[in-house]
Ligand code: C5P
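Let's start with one chain on its own, the form predicted alone, as structure tokens.
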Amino acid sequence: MSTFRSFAKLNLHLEVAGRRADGYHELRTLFSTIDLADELEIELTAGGVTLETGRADLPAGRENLVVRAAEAFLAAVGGGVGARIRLLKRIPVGGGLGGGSANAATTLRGLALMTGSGPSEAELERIARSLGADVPFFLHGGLALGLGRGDEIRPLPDLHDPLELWLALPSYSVSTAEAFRAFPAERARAEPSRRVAALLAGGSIESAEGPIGENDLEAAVFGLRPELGALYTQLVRSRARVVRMSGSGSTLFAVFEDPDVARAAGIGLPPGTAWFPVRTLGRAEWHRASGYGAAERGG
């Protein structure tokens, strides 16, 4: 049995470039892993896939991306191998932190390391893409630019210094499909922002106006969920240096100059809103903390 940690993500920047022919939206987004993680215990078996979640609100069948990821991987390698998986959930569900996608990618990477005879990296990417637009990023971790549906990943060098952030997680979620349906077509960007253009040209994130940019979906989502817009305004007024929505919501993240001011900002937030600090993870730290190095050594 091997144990892996499955880390969440934030979208530090998100721009929408219009609707694609396949019905999805063209995106340019800056992903970063953060130090908030689920845990997966994986044991190889003689056949089949079983998942234990220990929670009534978490499906243990094919509705769960972990099961579909394991089935897709094992079908690709063949040989009658199976997997028994236990998921310990810490990443909040439905907040746009990518927990389900991270779990799927960790399952793929973990099984590849444990079997030692998995599909090629290109095949892993293909399987990940078939599971969801965010899943490919979680095969790479660290900081990366996501293009296309967000599933065309260009890994970037780590930030010079990790970002210290505070997350506000409301008790409700936002439907990604509804968020994109509410996005006005006339606001789509024909050209990349200066930040993304600089990164596409090979510039560093520090020289590309910094890591935290904009989120083109904010206005649309705040229209759907005025209470989230009110939470955003409350955080802005709490002396945060920057406040941003991650992905299509509902998670907001904020940067403060003073940790005491940050802690105080959590007082008086709407009932049910979680408020806690996180930091970004570089790629090497993410790889080590995920448990992949131990699996590579056979530990």
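This is a predicted model, so every value here is computed, not measured. One-based numbering along the sequence shown.
Only in words, not in the display: the form predicted in complex with this ligand, which the text now covers.
Student: Considering this ligand in the predicted bound form, which of 193, 176, 115, 171 comes within 4.5 Å of it through any heavy atom?
Tutor: Selected residue: 176.
Student: Of 87, 167, 133, 74, which residue is found within 4.5 angstroms of this ligand in the predicted bound form when only non-hydrogen atoms are counted?
Tutor: Only one listed residue qualifies here, and that residue is 133.
Student: For the chain shown here without its partner, which stretch in 56-64, 253-261, 25-33, 38-46 has non-hydrogen atoms within 4.5 angstroms of this ligand in the predicted bound form?
Tutor: Selected range: 25-33.
Student: Considering only heavy atoms, tell me if residue 149 and this ligand come within 4.5 Å of each other in the predicted bound form.
Tutor: Contact with this ligand, yes.
Student: For a quick check, can you give me the residues of 86-114 that have a heavy atom within 4.5 Å of this ligand in the predicted bound form?
Tutor: Nothing in this stretch is in contact.
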